[in-house]
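The chain below stands alone and is given as structure tokens, in the form predicted alone.
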Amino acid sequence: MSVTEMFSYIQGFLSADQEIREDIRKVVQVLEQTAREILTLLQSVHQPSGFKEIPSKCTKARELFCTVRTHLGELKTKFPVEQYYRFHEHWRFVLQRLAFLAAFLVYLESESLVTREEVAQILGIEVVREKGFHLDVEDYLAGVLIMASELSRLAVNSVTAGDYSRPLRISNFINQLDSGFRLLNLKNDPLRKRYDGLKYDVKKIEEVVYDLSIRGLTKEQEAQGEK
């Protein structure tokens, strides 16, 4: 093979690689748009009237996740299955965002922590790497940490809406989450930095709960519940 032939071959390889990346980017753009729609829908619960609409908002979000599954199914066909991590950077951000949205959705529905398996099921992808397009454990954890920030905001807005018991439940949940993350030896720098943000979320929620307690609003809510 001559030098010219060798470089022509390399150019062919580079062109094919660029085509794959461009196809991936197009699908990811559509995924990002759908993720924004779900985010807008779920974040409407922060409005004063939003708490009463949580069930209907969650139902609509579930419907939008059907669209997400369709787009992720299309994304799987755009690259060789064994080259997942070669192209991972293209969809890493949107997959973390979708993991967050799935986690927030499940919390709003049941006030429980979504498992990695449940997120994968909602997104219509795998958990096990060998089975193909999957939810990487670090992408799942990043999504959970983003949800923690959203819950700290929800705790504040709960008070504005007159729901004084919700911040206490959020505080208990976030503290359990913090305890769980303390068990992990995080070596991924972006993930570790995001975990540092969880400490501020814990503090912010604790301040909300403390403010409610000194104003006697938590006891007032309990008394109303007993009636």
Partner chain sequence: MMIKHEGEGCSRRKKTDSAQKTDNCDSNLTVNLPSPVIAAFKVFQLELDTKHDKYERLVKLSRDITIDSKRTIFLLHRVTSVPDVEEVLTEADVKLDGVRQKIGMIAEEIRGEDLYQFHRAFTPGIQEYVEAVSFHHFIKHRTLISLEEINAKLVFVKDSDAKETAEGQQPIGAQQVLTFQVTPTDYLLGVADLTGELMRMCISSVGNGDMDTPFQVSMFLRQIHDGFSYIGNTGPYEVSKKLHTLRQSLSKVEDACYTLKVRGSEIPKHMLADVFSSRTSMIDQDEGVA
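Residue numbers count along the first chain shown, from 1. What you are looking at is a predicted structure, and each value in this text was computed from that prediction instead of being measured.
One more form of this protein should be noted, the form predicted in complex with the partner chain, which is absent from this view; the next part is about it.
J.: Looking at N175, Q29, S56, T67, which is the one with a non-hydrogen atom within 4.5 Å of the partner chain in the predicted complex?
T.: Contact with the partner chain in the predicted complex is made by N175 alone.
J.: Please pick, from K199, R62, R169, K193, the one residue with any non-hydrogen atom lying within 4.5 angstroms of the partner chain in the predicted complex.
T.: Checked against the cut-off, the match is R169.
J.: Taking M6, Q18 and V137 as a possible spot, do all three reach the partner chain in the predicted complex with a heavy atom inside 4.5 Å?
T.: The answer is yes; M6, Q18 and V137 each reach the partner chain.
J.: Hey, of 118 to 126, 149 to 157, 79 to 87, 98 to 106, which bit sits against the partner chain in the predicted complex at 4.5 Å between non-hydrogen atoms?
T.: Answer to the contact question: 79 to 87.
J.: Would S165 show up as a contact with the partner chain in the predicted complex if we use heavy atoms at 4.5 Å?
T.: S165: yes, in contact with the partner chain in the predicted complex.
J.: Do E111 and the partner chain share at least one heavy atom pair within 4.5 Å in the predicted complex?
T.: Close contact exists here: in the predicted complex, E111 approaches the partner chain to within 4.5 Å, heavy atoms only.
J.: Should S179 be counted as a contact of the partner chain in the predicted complex, where contact means heavy atoms within 4.5 Å?
T.: Output for S179 is yes: heavy atoms within 4.5 Å of the partner chain.
J.: So, in the predicted complex, is L72 in contact with the partner chain at a 4.5 angstroms heavy atom limit?
T.: Contact check for L72: no, nothing within 4.5 Å of the partner chain in the predicted complex.
J.: Is any part of 10 to 37 within 4.5 angstroms of the partner chain in the predicted complex by a non-hydrogen atom, and which residues would that be?
T.: Read in sequence order, the residues that approach the partner chain (within 4.5 Å, in the predicted complex) are I10, Q11, F13, L14, Q18.
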